[in-house]
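Take a look at this single chain in structure tokens; it is the form predicted alone.
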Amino acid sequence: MNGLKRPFALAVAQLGPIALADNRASVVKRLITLLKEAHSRGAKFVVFPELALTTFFPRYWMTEDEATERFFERGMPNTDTKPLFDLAAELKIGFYLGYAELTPDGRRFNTSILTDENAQIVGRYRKIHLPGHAHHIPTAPFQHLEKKFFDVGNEGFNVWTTQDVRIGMCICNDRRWAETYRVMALQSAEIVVLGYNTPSMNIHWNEPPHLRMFHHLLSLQGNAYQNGVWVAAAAKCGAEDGFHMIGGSAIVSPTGEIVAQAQSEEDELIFANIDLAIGESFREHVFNFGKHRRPEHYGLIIERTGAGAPLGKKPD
């Protein structure tokens, strides 16, 4: 749009179902297969899903100790994931990877990491907008226990410069919240990458299933446009031991257009040689924050958590 292109070869690696009985090593082999395909297409960066190493375990009622023992990672990379890191370093491909993190002091987070082209971890994000519940709902077809198994992220929404690109991270439900993208856009983010595991059924209210995919894509497209950023979203999807999650992995332009989208609910790689200059054009000519924003009028965004009384009064 401005005549000076800034190409960046970006891939999204969708994962099909991971069964409760699958081990880490078998999943990492699938990630490696997708990484090799990304390399064959010339990708410089790959986005893997949220909680990419295990089934989506918050659907199961269990104690925190049991979940910690079975599903959380005490370090990254570790014995199971080292082959992925080694191959990424060999192929010179950076990546985003989501997993359940156990900190040295015993805290549990839904976490993603960002690596450079040498597979060195350069950024970490801990999920902030945790959906679901913490109590047992025995009448539900499955649980959504992120509030039971994870602490709220404590490191904010940050942006890192790697491979000459400014990249921000979020996870799953974060993608639905406008503040997520705006905070990163105010740090001059060029790409927002994220993974998700989204059930097809909403157990908390009678949401028509078709809206799950519609709102997923709407969130990516609207926020990409309103912040002048590329958005790359990777699903873990399909029926995990009978529990279905949506696919729809996508790469979205700052124009709001979907430039690549997964067609299956299996392991699938999508790719686009994106032009970062498109975002520059929108940030200069449409959403020029420095020229047009009026933060003195946005106070309620940080002063209130929930909706309250209107502030309007009769004009003088």
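No experiment lies behind these values; they were computed from the predicted model shown. In this text, residue numbers run from 1 along the sequence as written.
Unshown form predicted together with ligand ING; subsequent notes refer to it.
The candidate spot formed by Arg74, Lys82 and Arg124 lies out of contact with ligand ING in the model of the complex, as no residue has a heavy atom within 4.5 Å of it. Partner contact region in the model of the complex: 50 to 58, out of 63 to 71, 50 to 58, 248 to 256, 286 to 294, criterion any non-hydrogen atom within 4.5 Å of ligand ING. Only one of Ala88, Cys172, Leu97, Ala232 comes within 4.5 Å of ligand ING in the model of the complex through a heavy atom, and that residue is Cys172. Interface residue among Asp116, Glu146, Glu240, Glu101, judged by heavy atoms within 4.5 Å of ligand ING in the model of the complex: Glu146. For the chain shown alone, Pro131 is a contact residue for ligand ING in the model of the complex, at least one non-hydrogen atom being within 4.5 angstroms. Although the partner is absent here, Gln221 sits far enough away that none of its heavy atoms falls within 4.5 Å of ligand ING in the model of the complex. When ligand ING is considered in the model of the complex, His244 lies well away from it, no heavy atom lying within 4.5 Å.
Although the partner is absent from this view, Arg176 contacts ligand ING in the model of the complex, with a non-hydrogen atom inside 4.5 angstroms. Shown here without ligand ING, the chain has Asn197, Thr198, Pro199, Arg212 in 189 to 228 lying with a heavy atom within 4.5 Å of that partner in the model of the complex.
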